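Below you'll find only one chain, the form predicted on its own, shown as structure tokens.
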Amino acid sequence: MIKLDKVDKVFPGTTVPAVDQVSFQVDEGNICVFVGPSGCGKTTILRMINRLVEPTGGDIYIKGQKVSDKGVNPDYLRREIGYVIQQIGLMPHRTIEQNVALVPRLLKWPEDKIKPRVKHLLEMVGLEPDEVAQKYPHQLSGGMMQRVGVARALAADPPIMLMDEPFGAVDPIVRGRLQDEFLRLQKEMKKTICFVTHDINEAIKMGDHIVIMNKGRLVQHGTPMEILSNPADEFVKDLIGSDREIKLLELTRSEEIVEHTDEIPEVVNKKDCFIQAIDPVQRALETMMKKDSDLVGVRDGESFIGTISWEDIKKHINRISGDQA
């Protein structure tokens, strides 16, 4: 879906590349998270994908087409890509409804199509349309404004979303809820998403694929499991921290170690011992302890998909410990 091939960016007046020979691919329907310290080039990459910044060298492709081709209109390209930033960027003198409807109106959608779309999106991100649609941004909390920012990015149903520290401006509790809500939405939407963060915990929780950057260069990329199990160098080890096994329990999604079955075990039903597929493995362990059970059922929404046992968690830990040895 998105491919970068030896992409460089050197800003005027500098000699050190902000982005240096970066190559990777984002598969359709995946969340790819760029993580690294401030100034490592991750936001520049994001802005090059939708041509807010032009590369100095290399090529960027979307659906096989080079975005720098003469036939690609940058304005049209941006309207086809949802963009969410930490500062949210809502227009202060427009209502929430007008903010969400901005891109559909630019695309000249008929009004009888726009209004239901706005209502649906506000409901989708957990806001009550009758309560917020006619309010202005300053009348909402930070978490609510972040939800409006996501709704606006989704308004024209873009296949690609770019998200630059989208939950960074809110407190940790609200941030966790927004992350969970977005992962739930992604299960339904299956968008192709590039997501920037400086927080490795957020990267592991949110990402199907992680790109680790340092000083403009790509240091390592892979699945969260691959990176936690086999950090490429000391920089990656330091970024992850010394508690890799704990992170694996906290941040590995339960769906990654679930034993699939259609039949709900009697003990799981009797003790009402269930978690969601996107919940961390740590929550599976906590639920077992709370319910005094060595087995937990896993649901994807309302659908039962399988179980996780204490033995499954031990095998998971032992496998990672073996990889790290």
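Counting begins at 1, following the sequence as shown. These numbers were taken from a predicted model, which means no experiment stands behind them.
Note that the form predicted together with a small molecule isn't included here; everything after this is about it.
Checked against the small molecule in the predicted complex, the residues N214, Q86, T252, T192 give one hit for a heavy atom within 4.5 Å, which is Q86. This chain is drawn without the small molecule; in the predicted complex, the residue among G57, P265, G29, G39 with a heavy atom within 4.5 Å of it is G39. Contact with the small molecule in the predicted complex, defined as a heavy atom within 4.5 Å, is made by all three of F11, A18 and T44. Looking at 30-38, 254-262, 287-295, 274-282, the stretch with residues near the small molecule in the predicted complex, meaning non-hydrogen atoms within 4.5 angstroms, turns out to be 30-38.
Contact annotation for H198: at least one heavy atom lies within 4.5 Å of the small molecule in the predicted complex. Contact check for E165: a heavy atom falls within 4.5 Å of the small molecule in the predicted complex.
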